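Form predicted alone, single chain, as C-alpha cells, below.
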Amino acid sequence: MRHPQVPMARPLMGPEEAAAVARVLASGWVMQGPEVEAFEADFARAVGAPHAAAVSSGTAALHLALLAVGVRPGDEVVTVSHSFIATANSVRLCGATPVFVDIEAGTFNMDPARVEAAITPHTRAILCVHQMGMPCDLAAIGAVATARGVALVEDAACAAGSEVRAGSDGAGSDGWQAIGRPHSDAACFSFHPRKLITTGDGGMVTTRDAAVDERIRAWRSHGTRDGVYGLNYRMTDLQAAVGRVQLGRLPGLVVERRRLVEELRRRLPTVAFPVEPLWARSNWQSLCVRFSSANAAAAARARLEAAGVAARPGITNAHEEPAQRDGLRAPLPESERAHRECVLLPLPSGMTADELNRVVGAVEG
C-alpha cells in the first residue's frame, strides 16, 4: 500500500482556532478591528517589541517597512539574492534597486564582510534575511548600517520563534532575545501556511520607532502620508483570531522542530546541515541540507519523490529570475552553489516517526 506523501509543511490547526473564528463571526465584526489590535499586542509582547502592526502578508510587511524607513525611487537597498523573490520584489515596489551581496556558505545568510563594499551614496537601507529561520549576524550588519548612516530592515518572514543571545547585538545583557525585538529599524514577519504559525496569510512589522509604526498603520489602510499613497494591506479579525491561538502554539512548535532537526542530523551524517552560530537559536522553519554536488542533490530529490516525500531544490536566487536580472551585484558564487547543491527536506508539524524514517531512508538511498 502506498503511503500518503510526507508534505513539506503541515499547519497545526485544531478546535481552538475554529472556536476563535466562530467568536469573531458571532461578533459581526470581521474586518480589521479588536482582534487585530489584540493580536498586535500579543505579538509585540511575545517578541519584546514596543510596536507591532499587522498587515495582509509578509510581502506587504516588507514593502511598508522599506517605505517607512525612507526608501524611495532611485535609492538602492543592499540585500541578498538568495531568498524568496518577495525580498527583492519589495525593493522594486518602492521604486528602488536591489544591490545583491553573497551569503555565508554555512548559515545561508548575508555575509557581513561583503556589505560595506556594496554601500554607495545611493544606499538608503540594508535588508537582511533570517533565511529559513536562521538568525543572521545582526551585530555585524547593524554595525555597518550605523557607521554608514543607513536603515536596517530584517526580513524575518521565516523567523517567528528564532532567537539571538543578548549582547551579540550590543544589548549588553545575558539571556536570549526573540527576533523581532528592536535589533533594527523594523522586522517583518510572514504568517503564510509554510511558516511555523499561520493566519492563512498575513504579516507583522515590529519596530522600536513610533514614527515608523505610525506610517505603516496609515499606509496599510489607504492613508496618505509623507507623499506616499496608502494601500489596502489590512489583516482581518478572522485571521487575527487564528493568529492569537497560533502564537500560543509557537514555543511548543519550536521545541518540536529543534528536536526533529537534531535527530535528522544524527541519522544523516553524510550530508551537511546549516551551521547554527553559538549566539543563535533557529526555529528551523525549513531544513536545507547540502550534498557534495549538484548531481548528488538532484539524485536525492529524485529518491525522495519516488518515496512519496516532498522535497525542493535549494533556495532560489533572485538574480537568476527574469524580473531581477538587472539588479546590481558582485559575483555570487555561494548563492549559486547553495541553490544547486542543496535540498529542502520536509518538516511538517506533528511529523510522525514513520514520516521521519521515510525521509532518512530516501536521503540515504
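Since the model is a prediction, treat every value here as computed from it, not as a measurement. Note that residue numbering follows the sequence shown and begins at 1.
The same protein has a further form, the form predicted in complex with a small molecule, not shown here; the description that follows concerns it.
Heavy atoms within 4.5 Å of the small molecule in the model of the complex are found in exactly one of 51-59, 35-43, 297-305, 317-325, that being 51-59. Proximity of residue 180 to the small molecule in the model of the complex falls outside the 4.5 Å heavy atom cutoff.
Although the partner is absent here, residue 131 sits close enough that one of its heavy atoms falls within 4.5 Å of the small molecule in the model of the complex. Proximity of residue 207 to the small molecule in the model of the complex falls outside the 4.5 Å heavy atom cutoff.
Interface residue remark: residue 84 is counted as part of the site for the small molecule in the model of the complex, having a heavy atom within 4.5 Å. This chain is displayed alone, yet in the model of the complex one of 184, 190, 282, 79 has a heavy atom within 4.5 Å of the small molecule; that residue is 190.
Between the options 135, 243, 161, 202, the residue in contact with the small molecule in the model of the complex by a heavy atom within 4.5 angstroms is 202.
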